[in-house]
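Given next, in structure tokens, is a single chain: the form predicted alone.
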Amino acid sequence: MGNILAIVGRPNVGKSTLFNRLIRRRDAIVESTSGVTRDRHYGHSQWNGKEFSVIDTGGYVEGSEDIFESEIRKQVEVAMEEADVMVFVVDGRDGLTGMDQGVFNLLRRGDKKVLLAVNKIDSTGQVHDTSEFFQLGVSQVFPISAINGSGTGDLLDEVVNEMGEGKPEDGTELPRVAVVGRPNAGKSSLINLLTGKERNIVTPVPGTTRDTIHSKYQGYGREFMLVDTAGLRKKSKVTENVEFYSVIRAVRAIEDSDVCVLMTDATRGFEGQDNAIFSLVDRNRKGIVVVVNKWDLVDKPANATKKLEQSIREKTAPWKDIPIVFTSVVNKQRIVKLLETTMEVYENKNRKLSASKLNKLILPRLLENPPPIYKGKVIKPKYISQLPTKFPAFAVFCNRPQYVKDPYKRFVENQIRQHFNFHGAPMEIYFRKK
């Protein structure tokens, strides 16, 4: 599975500042998509060529100054259970506090690597302030300043050194399909129907599924790994450690999948939380199929399907090339259609196009509709090719790539989607100098 770094510590020691610094490294380089909703407490980072997820555990606990020690205990327990490496942040100005000692004693009981970062060491003259933290019994202390970044390189060197290779845990090369969505949308029911086993406890209580469960699926000439995740919830409801745990698990499942089946509840419509999960899938560049489940329970006036489809596409804009399947898992309606669509999306996500095809079909469209003139500068596309990435990405070579804006990149993407089948697959367009 993918690697997860958890940042833990008592309130106001600078966890969020460190978190923001770590994820900005990747956001500036990799995340060029505008308008993607970013969760404040979950993100990606990369260091020395290794990518990993970063979780700011404090982000899931309400309150700040008067935070309960029991809440911190929950954060720590979750981090110990789920993260691969933990960075324990303390405040170099405050010195070692009783609460620091208590949190560290908890961390030490686990079998995960814990790195001690002493924050707010803004100058070399303050490094001696870190010596008292050796009382915790650690062999190494990392003096850092989360605000100006000093010392974070040495810390990250050690973080990635401690991380594994992050390979899929089942060791198979089969397509990996993650079933995601809010609690009680019908995820476990779908998996039970497909596998023919009561693998998960299915009850009408939201949040029953606490873990991710992998099931190998074979049927209708298809074979893939099914991943059922704990329901994602709004952060305001993630108070007990079980819920926080399930959020990390769902994040991990999305990251390690090829295609995500986003299950929504027809009786509730496509709400803000559904859109947040969609953004999470989009941010990770996964294929997606939106499933409107419990369609049998809804009063359907004329054009109901078309209207709901249109509403979903408006909410997920600018990405509109998304398959939407209306199902009733209980009544086994359109399940085969869902499977066919999911596998089609997997194939589309892995589709490779030759440069000759692209330049024959797409380049003429770009020459007919070149990018807008910018400050008197004419931009002329010259060549287009697909990049060797895990999802469809294309490079358009031109004379002045720095002047090409997002609306034109969307135009190029739409041209490619019109000519080739990338339905449900993410796509990125880059402009580069020839």
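Heads up, when I say rigid core I mean the largest set of C-alphas that superpose within 1.5 Å between the two forms. Just so it is clear, the structure is predicted and the values come from calculations on it, not from any experiment. From 1 onward, residues are counted along the sequence shown.
Unshown form predicted in complex with ligand GDP; subsequent notes refer to it.
> Heavy atoms within 4.5 Å of ligand GDP in the predicted complex: which stretch among 187-195, 350-358, 102-110, 278-286?
Among the listed stretches, the partner-contacting one is 187-195.
> With a 4.5 Å heavy atom cut-off, would you call R93 a contact of ligand GDP in the predicted complex?
Taking the distances in the predicted complex, the answer for R93 is yes, it comes within 4.5 Å of ligand GDP.
> Would P183 show up as a contact with ligand GDP in the predicted complex if we use heavy atoms at 4.5 Å?
Although ligand GDP is absent here, P183 would touch it in the predicted complex, with heavy atoms inside 4.5 Å.
> Going by a heavy atom distance of 4.5 Å, is N12 a contact of ligand GDP in the predicted complex?
The answer is yes: N12 has a heavy atom within 4.5 Å of ligand GDP.
> Does ligand GDP get within 4.5 angstroms of any non-hydrogen atom of Q415 in the predicted complex?
Flag for Q415 set to no.
> Considering ligand GDP in the predicted complex, which of L297, A304, V336, L363 comes within 4.5 Å of it through any heavy atom?
Only one option qualifies, and that one is L297.
> Of the residues E132, D122, E309, E162, which one places a heavy atom within 4.5 Å of ligand GDP in the predicted complex?
Selected option: D122.
> For a quick test of understanding: in the predicted complex, does each of T97, S257 and T342 have a heavy atom within 4.5 Å of ligand GDP?
Checking in the predicted complex: none of T97, S257 and T342 is within 4.5 Å of ligand GDP.
> For a quick check, can you give me the residues of 270-290 that have a heavy atom within 4.5 Å of ligand GDP in the predicted complex?
Counting only heavy atoms within 4.5 Å of ligand GDP in the predicted complex, no residue of 270-290 makes contact.
> Once the core is aligned, please say if the CA of Q418 is shifted by at least 2 angstroms between this form and the one not shown.
Result for Q418: no, shift under 2 Å.
> Does I147 show a Cα shift reaching 2 Å between this form and the one not shown after rigid-core superposition?
Yes; that C-alpha moves by at least 2 Å between this form and the one not shown.
> Does the C-alpha of D100 move 2 Å or more between this form and the one not shown once the rigid core is lined up?
The answer is yes; the displacement is at least 2 Å.
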